[in-house]
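So this first bit is one chain, no partners, the form predicted alone, shown in structure tokens.
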Amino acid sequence: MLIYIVRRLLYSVVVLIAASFIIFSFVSLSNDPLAFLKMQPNASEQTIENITKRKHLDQSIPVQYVYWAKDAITNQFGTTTIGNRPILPDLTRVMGHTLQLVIAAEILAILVAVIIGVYSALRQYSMFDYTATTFSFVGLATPVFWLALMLQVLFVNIYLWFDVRIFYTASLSGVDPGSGLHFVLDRAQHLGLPIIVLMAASVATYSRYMRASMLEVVNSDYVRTARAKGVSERGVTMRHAFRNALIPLVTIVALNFGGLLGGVVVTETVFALDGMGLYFVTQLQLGDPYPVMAWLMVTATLVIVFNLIADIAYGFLDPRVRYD
């Protein structure tokens, strides 16, 4: 197992280096990072020239990449093109906000999906099974932005009709969130709708995988043997079937979690949340390649890390899995 992990880590470093160069090349060639500054009437030629020299924008893409890589490793992702602001503090702030959203959404989605998937498998072709299947297809087919907008409209109207504030429809916290329990409740009201939006597709996906995996396991030979030995149905389900049925779900959750951390662009933009998604959109509109590169590298690293976590989890969930 240790050799496998080390080998995967070494492969991951090579993949990250290759991906970083390709991404940097495309981001740098896509637009002029000084275009926004050049449109400002009070921007002097000397200012533009100083920034060009400081960021080596007058040199070739490979040379720019080498300087960027040096800054990313030694200077905490460097600074922005305009304003010369450090990138890491902003990235750390938005990462913390996104983690709150994604972790809460994933924990709730896993709990709900596992319950639905297991019960659907144990009650195959029942009314509950058909209903869960229908809603899972609806969840997979529903566009994220549309669901977010519909929820905003719904809860705004609930507030207008009944003067009851269940969830806020924008921002990360109120003007005066307070502290302690008051802060937690305020944050929960602001993150409630984004969490529901992220949960929709996740629950639909996870529950289908859990149902299919559970059906495969409950019909296997060792489960029938356990029943023949007189093990209770609860014991068969929890001790023999449930653990093995989790293996495919672990892969999907790990891959989805890594993707969600960097891919909540639509949700955070619609709800105006100060997270990684909104940060990416803002920097992309400004045309600054350095914060965009930092965001992309963090996202790529997370995807690779959670791929590795999924592979390692195999060995703990299924003793039959061995890595040479």
Partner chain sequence: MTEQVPATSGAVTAPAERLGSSADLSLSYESGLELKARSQWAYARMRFLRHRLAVGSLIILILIGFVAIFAKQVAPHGFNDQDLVNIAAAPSWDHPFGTDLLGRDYLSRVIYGLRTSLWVAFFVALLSTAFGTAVGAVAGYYGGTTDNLLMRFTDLILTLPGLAVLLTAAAFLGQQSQSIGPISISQPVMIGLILAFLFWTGLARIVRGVYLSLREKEFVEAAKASGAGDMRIMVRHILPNCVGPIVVTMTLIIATAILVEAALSFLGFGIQPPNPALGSLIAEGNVGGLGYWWLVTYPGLVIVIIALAVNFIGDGLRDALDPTQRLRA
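Numbering follows the first chain given and starts at 1. All values reported here derive from a predicted model rather than from experimental measurement.
Quick note: we don't show the form predicted in complex with the partner chain, though the next part is all about it.
Although the partner is absent here, residue 60 lies well away from the partner chain in the model of the complex, with no heavy atom inside 4.5 Å. Within 4.5 Å of some heavy atom of the partner chain in the model of the complex lies at least one heavy atom of residue 149. Contact between residue 68 and the partner chain in the model of the complex is not found at the 4.5 Å heavy atom cutoff. Although the partner is absent from this view, residue 308 stays clear of the partner chain in the model of the complex, with no non-hydrogen atom inside 4.5 angstroms. Stretch 201-209 is the answer when you ask which of 201-209, 224-232, 68-76, 98-106 has residues with heavy atoms within 4.5 Å of the partner chain in the model of the complex. Although the partner is absent from the chain shown here, 31, 143 and 284 each have a heavy atom within 4.5 Å of the partner chain in the model of the complex. Scanning 285-303 for heavy atoms within 4.5 Å of the partner chain in the model of the complex gives 285, 287, 292, 295, 296, 299, 300, 303 in sequence order.
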